[in-house]
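Only one chain is included here, represented as structure tokens and corresponding to the form predicted alone.
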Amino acid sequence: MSGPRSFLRTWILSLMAFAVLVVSVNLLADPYDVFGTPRIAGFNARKPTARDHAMLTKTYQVARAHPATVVIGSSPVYLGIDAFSPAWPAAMRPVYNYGIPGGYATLASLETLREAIFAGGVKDAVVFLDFQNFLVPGGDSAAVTEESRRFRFAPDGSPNPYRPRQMAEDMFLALGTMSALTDSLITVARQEKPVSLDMARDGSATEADFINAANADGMHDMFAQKDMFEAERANRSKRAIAGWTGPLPGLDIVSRMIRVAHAHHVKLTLVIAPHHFDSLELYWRDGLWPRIEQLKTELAALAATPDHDVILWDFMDYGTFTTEDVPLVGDRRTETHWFWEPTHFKKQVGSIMIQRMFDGDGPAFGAALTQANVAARNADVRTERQAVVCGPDRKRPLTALDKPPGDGCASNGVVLRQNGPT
């Protein structure tokens, strides 16, 4: 009988020892930066697998960071805004980048804003808005997801009853699973890789994915692939928003952001994110530009809420930074300066936007929108487009946009709006 007992005891002790080893390795490597384990160069300083668990990572990071300023948005913010940029005024530091890669609805911005505020210390919030989210009725579902279960509050603002259980699941995921062990080993193995994914303690990310893709495929192919995705997205939006009347979808969520920020004495800066004109032309050609102008007008009205500290900036135009030429097909060497592809701006653009918004300095780019100037701003952007797309030195987007309804220009170069000449 001693044989089976001895084997069972050895097996149990071995299993326990292995479990302790797994937990120890995962705690030391901390691949998702859940525990804030000290980062050691050459061992766990970089977090190459954190991107795949960005909401998990950032929810625990922001609770430790207690930033004075939080920047919120989707993948362009995640990649294009450097929380440690010298462009940030001293009074706004430390800054935390709460940008989340992947699909991202406006409701998630409200949830992450609440989470950052209640973590403590936030005085300024900079929320980047993706215009596409306002062209899809019903696009912001209040359904409870794994991501929303770990927040302090449910989507409707009530205390979140799922949080304790989700935090326990998070601890198990980060400490006791083989997937975490695999990611811990990847974390250690990729420390010396020259171009590696990483998510810093301030939420900023490296642009390794785009750098590697540009080296492999060239900038032209990156733009062309994204244009195909955006063309389908624009067509879906055209069908979804057809016949819509009243304020655009999602504006009620922006109103809730404004109320949350005001209630906690947080200065709120709303930002209409920039896009390369390749992307803008797709929405123009599908007849959606009046909706984009409607969005700017309605956001300007919301920002004018009396006694609320809200500023609205618009960087969606046809200016220098958004109309740079894209390398020709087959050219895998030439790099673009300002955009990785039509919807993801580079960190250089991010720093220029920070300068424009908070230092009043830097190159001419974007405009602060108010109810008084939004109509003029919309007209100015149409004029910019005429010069870029219809003028004598007209630029051509990469996509096959010569199909009906044409390029929006008459033979004499006059811009054609969706409802006729201007």
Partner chain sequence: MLFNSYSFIFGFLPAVLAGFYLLGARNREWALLWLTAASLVFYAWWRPVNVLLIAPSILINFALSRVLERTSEARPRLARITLLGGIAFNLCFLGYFKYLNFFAGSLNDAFGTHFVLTQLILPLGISFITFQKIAFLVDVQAGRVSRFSIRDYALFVLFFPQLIAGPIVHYREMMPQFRALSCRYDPDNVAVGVTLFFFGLAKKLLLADPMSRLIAPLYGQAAAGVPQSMTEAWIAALGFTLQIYFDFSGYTDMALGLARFFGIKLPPNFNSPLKAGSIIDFWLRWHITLTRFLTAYLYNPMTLALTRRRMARGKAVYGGRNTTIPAFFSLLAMPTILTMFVSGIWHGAGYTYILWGVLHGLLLCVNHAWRLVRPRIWPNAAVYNRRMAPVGFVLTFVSVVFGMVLFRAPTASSAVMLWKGMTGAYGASLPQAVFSRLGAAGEWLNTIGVHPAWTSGSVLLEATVRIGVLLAIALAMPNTLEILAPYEPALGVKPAKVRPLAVRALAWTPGRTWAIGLAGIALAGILSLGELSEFLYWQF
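Positions refer to the first chain, counted from 1. Everything numeric in this text was worked out from a predicted model, so none of it was measured.
Not pictured, yet referred to below: the form predicted in complex with its partner chain.
Among L288, I352, L181, I258, which has at least one heavy atom within 4.5 Å of its partner chain in the predicted bound form?
-> Looking at the other structure, the residue within range turns out to be L181.
Select from the listed residues A242, A91, A216, L328 the one whose heavy atoms reach within 4.5 Å of its partner chain in the predicted bound form.
-> Exactly one listed residue reaches within 4.5 Å, namely A216.
Contact test in the predicted bound form: K193 vs its partner chain, heavy atoms, 4.5 Å = Heavy-atom contact with its partner chain at 4.5 Å: absent for K193.
Looking in the predicted bound form, any heavy atom of D198 within 4.5 Å of its partner chain?
-> Close contact is absent here: in the predicted bound form, D198 is far from its partner chain, nothing within 4.5 Å, heavy atoms only.
Exercise: D221 in contact with its partner chain in the predicted bound form, heavy atom 4.5 Å = Heavy-atom contact with its partner chain at 4.5 Å: present for D221.
Considering only heavy atoms, tell me if G157 and its partner chain come within 4.5 Å of each other in the predicted bound form.
-> It does not: once its partner chain is placed as it appears in the predicted bound form, G157 has no heavy atom within 4.5 Å of it.
Its partner chain in the predicted bound form: contacting segment from 149-157, 315-323, 78-86, 222-230, heavy atom within 4.5 Å = Looking at the partner contacts, the answer comes out as 222-230.
Enumerate the residues of 79-98 that have a non-hydrogen atom within 4.5 Å of its partner chain in the predicted bound form, in sequence order, or give none.
-> Residues within 4.5 Å: none.
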